[in-house]
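A single chain, nothing else alongside it, follows as structure tokens in the form predicted on its own.
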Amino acid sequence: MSDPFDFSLIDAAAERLRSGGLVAFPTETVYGLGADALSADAVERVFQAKGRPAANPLIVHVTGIDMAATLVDGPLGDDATRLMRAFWPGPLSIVLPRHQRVPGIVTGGGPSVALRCPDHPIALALLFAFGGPLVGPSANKSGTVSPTTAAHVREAFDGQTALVLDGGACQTGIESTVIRLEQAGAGAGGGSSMGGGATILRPGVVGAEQLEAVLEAPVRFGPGISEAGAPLPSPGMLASHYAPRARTVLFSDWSELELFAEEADSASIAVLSHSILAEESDLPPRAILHRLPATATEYAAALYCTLREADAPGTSLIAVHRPPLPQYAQADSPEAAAIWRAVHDRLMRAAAPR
């Protein structure tokens, strides 16, 4: 964080949460819009502020394993406990059966709850000061580009809607991996793992190979996209999400960019590329180049901020040069491959029809 954070603000923020108010707080992934996870009224304010579909569940942030256990119906199970010990605090959300004390509005009406312990000193200080679990969806309007700085949050919400805790730029920059652990014989609603397997519902920086090493079992990938309306098993599964205002397209070859530029007519075009070979002189007229890092970790951290910069007034088209495919990075680094998979997921949804 650029300036030292004044931790005396935490007590005031916790008091606001106790009164049913909203607090935007930084995590290592993106900024979250926090509210008392056990208060249906407070959670409803989150849905209203974001304009979020009621069937889209929220991730519940906890201080650790002990708090997580109070929100789950039945025992955590060995697999959940092992994952929590290995990856918490960190960017992994685990979907388990919802205890009845968790309001149904939190889970979008579904039977499972996603739990995560964030790896950020401000987020953890807020959780401990509040003394209970907090919902924390991205602190932006639903479907738009997620916020990775406090300034991004303030673009969406004024001080009356949410108190904003400024922790500087988020280090990871994309949302957590979401994994569902299923009880043997359980249905799609999820459950504590007792031999039923594990499914990644949303990719993130914690990849399948890392999860398999802890679980000592294969990890599947879910369908990735769910239809709006029915309760969703995880956040981030709608086809269109993380989207700028301007139309967004993906291209692999520079010849494709010429075609998109022709469709944009006389309007301004923003081009995002990680390639060190990309030059301003290679771009179509009216195009502005926004450079992204070439490494997976740095690309992910910069993605949302760069999308926001590109989505300036007057820009009608954002063209994103496709980053490396995960399979090409796999041989060199499974960790990089996992991040590229998550990046591709976010870009696919940002460019999806709305």
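Counting begins at 1, following the sequence as shown. Computed from a prediction, not measured in an experiment: that's the story for all the values here.
Missing here is the form predicted together with a small molecule; even so, the following discussion is about that form.
Proximity of Thr148 to the small molecule in the predicted complex falls outside the 4.5 Å heavy atom cutoff. The shortest heavy atom separation between Thr315 and the small molecule in the predicted complex exceeds 4.5 Å.
Looking at Pro137, you'd find a heavy atom of it within 4.5 angstroms of the small molecule in the predicted complex. Interface residue remark: Val113 is counted as part of the site for the small molecule in the predicted complex, having a heavy atom within 4.5 Å. For the three residues Pro57, Glu175 and Val178, a heavy atom within 4.5 Å of the small molecule turns up in the predicted complex in every case. When the small molecule is considered in the predicted complex, only one residue from Val95, Leu127, Ala270, Val206 comes within 4.5 Å through any heavy atom, namely Val95. The partner is absent here; in the predicted complex, the one residue of Ala243, Leu201, Ile122, Leu71 having a heavy atom within 4.5 Å of the small molecule is Leu201. Remark: of stretches 48-56, 317-325, 283-291, 303-311, the one touching the small molecule in the predicted complex is 48-56 (heavy atom within 4.5 Å).
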